[in-house]
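Next comes just one chain, in C-alpha cells: the form predicted on its own.
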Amino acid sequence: MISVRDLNVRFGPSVAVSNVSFDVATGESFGLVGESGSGKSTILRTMMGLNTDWSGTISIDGLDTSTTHRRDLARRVQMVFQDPYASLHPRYAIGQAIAEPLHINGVANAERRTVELLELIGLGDKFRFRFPHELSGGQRQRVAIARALALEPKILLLDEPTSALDVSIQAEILNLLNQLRSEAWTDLCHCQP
C-alpha cells in the first residue's frame, strides 16, 4: 500500500531526512519512531505532497506521488496533524470544516455525510455549528479525524495525534482509531459516495 525508497528531504541547505526506506502492506499499521526533530513529521508531510524539495520514490496505493495530482492523492490518503487547533480554520464552524473536502471534491449529500461523520466520532449533530475554540483538545482531534475520513481514504497518516492531549483523552482517541481500524468505517456511518 505504501512504498518509500531512498527518501531524502531538504530545507534549503539543511538535510532533514536522509535515505529513508520502508513498506507498509494493506491493512497494516506502521509506526515511525524517533526523537523529536528526527524527521517523522517531515516524512509524512512529504508523502502528502506538502514538501517539494525531496528525492527518492514514494508510491501510495500504486501511485507515484511525484506525478500524481494532489486531488487524486487526497482520495487515497489523508493526514491528521499533531495540533488539531492549527489544522482547523478558526472561523469555520465544525460542520463547515468537515464538509469542506466533500464540497471541493464534488461529493453529493455533504451535509448528511457531515452529520454521519460527527456521529461516527462520538460528537453528534449538536457540534456542527460550534467553532474550534469552543471544543476541548480531544474534541478538536476527533473533528480532525472526521475531516480526514470525509473522502473515505484507504490510508490515514497520523502525526502524533494524541501527543497534545491528557492521558484520559489520549485513550479515547486511541480507542476511536482502533474502532475505525477494526471495522470498515463506511459500514459504521453508511456513507454513500
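Note that residue numbering follows the sequence shown and begins at 1. Fair warning: this is a prediction, and the values are worked out from it, not measured in the lab.
As for the form predicted in complex with a small molecule, it is not shown, yet the points below apply to it.
*Asks:* Identify which of 132, 138, 39, 153 has a heavy atom within 4.5 Å of the small molecule in the predicted complex; exactly one of them does.
*Replies:* If I apply the 4.5 Å criterion carefully, the residue I get is 39.
*Asks:* Quick one: from 125, 35, 64, 28, grab the residue that has a heavy atom within 4.5 Å of the small molecule in the predicted complex.
*Replies:* Of 125, 35, 64, 28, the residue with a heavy atom within 4.5 Å of the small molecule in the predicted complex is 35.
*Asks:* Can you tell me whether residue 22 touches the small molecule? I mean in the predicted complex, with a 4.5 angstroms heavy atom cut-off.
*Replies:* Although the small molecule is absent here, residue 22 would stay clear of it in the predicted complex, with no heavy atoms inside 4.5 Å.
*Asks:* Can you work out whether residue 176 and the small molecule are in contact in the predicted complex, taking contact to mean some heavy atom pair no more than 4.5 Å apart?
*Replies:* Contact check for residue 176: no, nothing within 4.5 Å of the small molecule in the predicted complex.
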